[in-house]
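What follows is a pair of forms of the same protein chain, given separately as structure tokens and numbered structure 1 and structure 2.
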Structure 1
């Protein structure tokens, strides 16, 4: 039997935690498989994708900057990936490449499973309207949140995202916020940071403490650092706070399940991430 090969495609991709997590999963289930890094330049992308099958690669994760760029090379796209407009998981089935997006499901599984937060009928506010925000927004709409307000410094992005959400989901009220205060965080149960602001030590605090309240769950998609200034501030005012490590874990678990058809060994995957996080 030959070793199955999986990996993560990106540029750059060196700091990814996915190899650690997926290799721990293969080991826990005694699967003859390995997960490696595929750092490819934009010039190498097409050739790499066209030869996945011939190279004996069974599945890949896709990260920045290729989540949208891989779509034209795929044979099929899950309904959710289609709605999100981005792919983070590809399954190689013979000569066919099937595209999925597990980011949104990772977020929901973490929120509802681990944090016991029920999204149904909640008012939520989100910062950022990029790729990760689209995944979270689509899955929040599937989970039937009551209202979703989105603020992005680039209003064109939030306008485009809200327009698309309105066309596809009728049970949620969507709103473009043109400023932070216009997000109406005081009426929300959940505030999500889906911008990269907070990753760098020099980044400013995203939301002033006065706009937060203690009945809020503040969820930052960033997991490195483990506690952004936003999460630190949320804790200081008595609100609940979570980083995105759980989302990373659950999106990886879902990818594992798509590739192998087996239930992901959550304890093994969680343990290696917690050692790092």
Structure 2
């Protein structure tokens, strides 16, 4: 029996905890499979994707900065991936590459299930308009948030995302923020960081402490390090804070189910992440 190979594609990707989680899942179900890192430069991306099926790889996760860039190489997209415009899971079916997005579902499952946070009629603010933020924004709109303000240093990205959201969701008010102060965080129940800023020790604090408040949940999609400067600051002022480890768990479980057709062993996956996180 040939060992099935899965992995995570990104650049950089060495920080990823996905191998720990997915390999624990394979072990728990006695599956002959392994999950490894695929760190590819932008120049290597096309070649890797074009020959993915010939490398004996059964499926991959996709992370920064490739969630949108992989789409032209795929044979099909799930409904969620089409709506979001980004892919975080690829299933290799013969010569076909099928694209999915489990990020939004992972975010919602963690937020509403584990954290008991009800998004309905809430005002939320988000930093970033890339692949992960697209998934979070779409699923937040599905959950019927009242308002969603987005700030990105690349205003074209936030403008494009807001335009897409307005076309698909009529019950939520969407707004482009020209600056961090214009996010109106003081009126929000939830602040989401969907940028990679905070992963490095040298990264600046994204939001001035004075813009945060005690009734706020600050949710950072980053999970390594476990506490970014943003989360540390949130805790210091008495706000609730969560990293993206729970989102990683739930999106990873959905990816596992897409690849294998088996129910993900959540307890085993959660246990190994909690040890590391």
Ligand code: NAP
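Because the structure is predicted, anything quoted here is derived from the model rather than measured. In this text, the rigid core denotes the largest set of C-alpha atoms whose superposition between the two forms falls within 1.5 Å. Residue numbers count along the first chain shown, from 1.
Asker: The form predicted in complex with the ligand: is that structure 1, or is it structure 2?
Answerer: The chain shown first - structure 1 - is the form that fits the description.
Asker: Rigid-body partition between structure 1 and structure 2: same part for residue 178 and residue 72?
Answerer: Not in the same block.
Asker: Treating the chain as two rigid parts, how far in degrees does the smaller one rotate relative to the larger between structure 1 and structure 2?
Answerer: Angle reported for the domain motion between structure 1 and structure 2: 16 degrees.
Asker: Can you read me the CA shift for residue 48 between structure 1 and structure 2, rigid core superposed, in Å?
Answerer: Residue 48 C-alpha displacement between structure 1 and structure 2, core-aligned: 6.3 Å.
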